[in-house]
Structures are given as C-alpha cells and as structure tokens.
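This document starts with one chain, in the form predicted alone, laid out as structure tokens.
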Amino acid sequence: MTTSLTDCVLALYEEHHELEEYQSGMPRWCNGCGDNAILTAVQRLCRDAELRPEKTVFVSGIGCSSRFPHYMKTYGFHSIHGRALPIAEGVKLARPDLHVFVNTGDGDCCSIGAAHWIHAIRYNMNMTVILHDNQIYGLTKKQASPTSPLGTRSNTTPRGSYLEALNPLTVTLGVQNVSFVAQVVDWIPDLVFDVLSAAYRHQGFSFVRVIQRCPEFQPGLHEIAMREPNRVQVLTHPRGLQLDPSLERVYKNRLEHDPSDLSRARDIASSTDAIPVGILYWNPEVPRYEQIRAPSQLRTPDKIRAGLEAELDKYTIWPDGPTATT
C-alpha cells in the first residue's frame, strides 16, 4: 500500500504546531522574573522542534519555577518538594518515547532534592533538566538557599548567610556519568534558546543552569553583570555554541572551549572572574539507564490497561465469588 503525496502533505501539516498551541494561561510570576524568559525560550523550542504536545511532559517540584507545567499546554506533573527528578525518571522508564523536561529551583534541586539530583546525573536518562537559579527561596518569601551568595540577608539569615554558595556546575561536573552541562543567564534570551535547544538534542541527562533575576527578593543582584557585558564570558566552539553577529558586537569576552574537555570544564565552572555561559561539557557516548534497563516491549495502552485491571482485580468483591484480601 502506498501513501499519496496529498496524504503526506496533510500529515506534515497536522504535525506542525504554532507557538500558541504550547501556551497555557497567564504566568503569575513577578514582572521581571527570569522564569518568564525561560518559559518563552522553552515554548519556542517546542515549536521549532515540532514536539507533539501529547508526547511531551514537564515535571516540576515546588517553588516559583515549579509552576512551569501550568503554563505549558502539554502533559505536566507538579510534584512534591525535591522529587521532580525521580518522578521524571519513572515517566521516562515507563514511556521512553516521550519528551521529558524537568523544571526545578535552587532550593528544590540543591537542598531537599540534592540526593535525587546526584543520582539522576549518574543514571544519565534522556531528559532536559532546567535549574531555575535565582539564589533565594522565592515562593516562601525570602529565605537563603544553597546557592545564595555569602552574606545574603534573608528571613533565615538576618545577619547575612555564613556559608559560601554551592556551585551547581562544579557539583554536576564532579558526578560519574555526567554527559551535558551548560549555563546561561536569563537576560540574554537568544542564548537561553540556543543552549536549551542543544540540551534537548543531546541524548542523555542535559543539565542547564539558568542564572535568573528575582526582582522581589534579590533586586540588583545581577545589575552589574547586565550593565557590563564583559562580566559575562561566552564559551564558543564548533561543537558547542556559535554567537549570532548581533551578540558578538555586545559580548566580546569570549573563550574558545572544547566541550569534550571535562577537566577544562571544571576549571571554567570554578572561575569567579566572569559568569561563563554556553556549553561546558558534552559527551554523547555516556550510556543511558533507560537503554541499559530497556523493557523487551513498550508499555502500550492495552498493556497498561491490562496491568491496572490485574492489580485492581486483587481487591475486587465479586458478586458470586470470594472476597479478595490483601
């Protein structure tokens, strides 16, 4: 049986989605919040990559960033604090055919969810993880987070935080099986889009830290970096990021960095001279857990239904039969 040209054209048309088809509701984030820039970039990515909404899932934990699934017209799972990653891993194991994204905050990921974060890096499952790092607890109204700078005055540290901030990049780069690590800042939206697009294309655990502004509880924290472009160092490479000419004229502090060099990536991540943005590390050869543990058959709707019915039947009281017990 052959397919006509008309049918092919119609199929292509049906697979195409406009930007509005990924937008759901009006975001409730504060004006100037970096979450808005991340949402726009992700919706552009979904449109340009032609991701089918019914085959795309956004999983989040708790926090300002974790309202993300509410604003995507796809499947979503707004989970509990710190548990976005294990839930996303369960989704990917059960349905490896789905496009899985995780939105998590600096408290959600780096504090209560830290153990899950470390092991998710090891598993290297194929998902795109976006760390919304505003360096403060925003949803619960200004408590110091693990990434808050030393001396941050907050409701939990009124005299200033006593510890150096945790660096999510160096932590991630130090875990076995790491395969993709990148960083961007929310005030350069084109770079946010370019890096997230590369992260999505990577077959493995893509970790993207987005340094973002919190105009309510961390006002002015990144003001100097925004006014002085040389405080941002753009990592470029033929296998990594290539700047648009319009951005080249503004961001002249650039470094040619081979993203396959893990040792150099760790050095760059540790530097405090400027904020590195771009792809720090990229290794497509790291094995993925869902491949290692791949089921012999996909869980089709019929198999899922049959499995659910078999479990529920254990507790069914049949009219003419014995009562099932636990």
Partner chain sequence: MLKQLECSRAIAEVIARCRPEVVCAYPITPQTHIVEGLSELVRDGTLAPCEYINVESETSALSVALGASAAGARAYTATASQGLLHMAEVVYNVSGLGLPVVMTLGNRAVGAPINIWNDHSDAMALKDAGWIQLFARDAQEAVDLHVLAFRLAEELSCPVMVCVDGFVLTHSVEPLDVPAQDDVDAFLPPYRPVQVLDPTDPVSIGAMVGPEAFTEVRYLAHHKQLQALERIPQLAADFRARFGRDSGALLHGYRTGDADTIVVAMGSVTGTIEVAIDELRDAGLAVGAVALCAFRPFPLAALAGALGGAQRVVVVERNLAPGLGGAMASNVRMALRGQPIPVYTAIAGLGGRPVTRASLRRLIEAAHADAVDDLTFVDLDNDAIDRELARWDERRRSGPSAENMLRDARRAR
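Residue numbers count along the first chain shown, from 1. Please read these numbers as outputs of a predicted model, since none were measured by experiment.
One more form of this protein should be noted, the form predicted in complex with its partner chain, which is absent from this view; the next part is about it.
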* Structure fact -> In contact with its partner chain in the predicted bound form (heavy atoms, 4.5 Å), from 155-163, 194-202, 245-253, 97-105, is stretch 155-163
* **is_contact(Thr140, its partner chain) in the predicted bound form, heavy atom dist at most 4.5 Å** => yes
* Asked: Quick one: is Val91 in contact with its partner chain in the predicted bound form, heavy atoms, 4.5 Å cut-off?
  -> no
* Using 4.5 Å between non-hydrogen atoms, is Asn126 touching its partner chain in the predicted bound form? -> no
* Asked: Is Arg83 one of the residues lying within 4.5 Å of its partner chain in the predicted bound form, judged by heavy atom distances?
  -> yes
* For the three residues Leu131, Ser179 and Ser206, verify that every one has a non-hydrogen atom within 4.5 Å of its partner chain in the predicted bound form; reply yes or no. => no
* Asked: Pick from Val175, Ile87, Ala225, Ile112: which has a non-hydrogen atom within 4.5 Å of its partner chain in the predicted bound form?
  -> Ile112
* Structure fact -> None of Thr74, Gln183, Ser79, Thr147 but one has a heavy atom within 4.5 Å of its partner chain in the predicted bound form; the exception is Ser79
* Asked: Looking at its partner chain in the predicted bound form, which residues in 38-71 have at least one heavy atom within 4.5 Å of it?
  -> Ile62
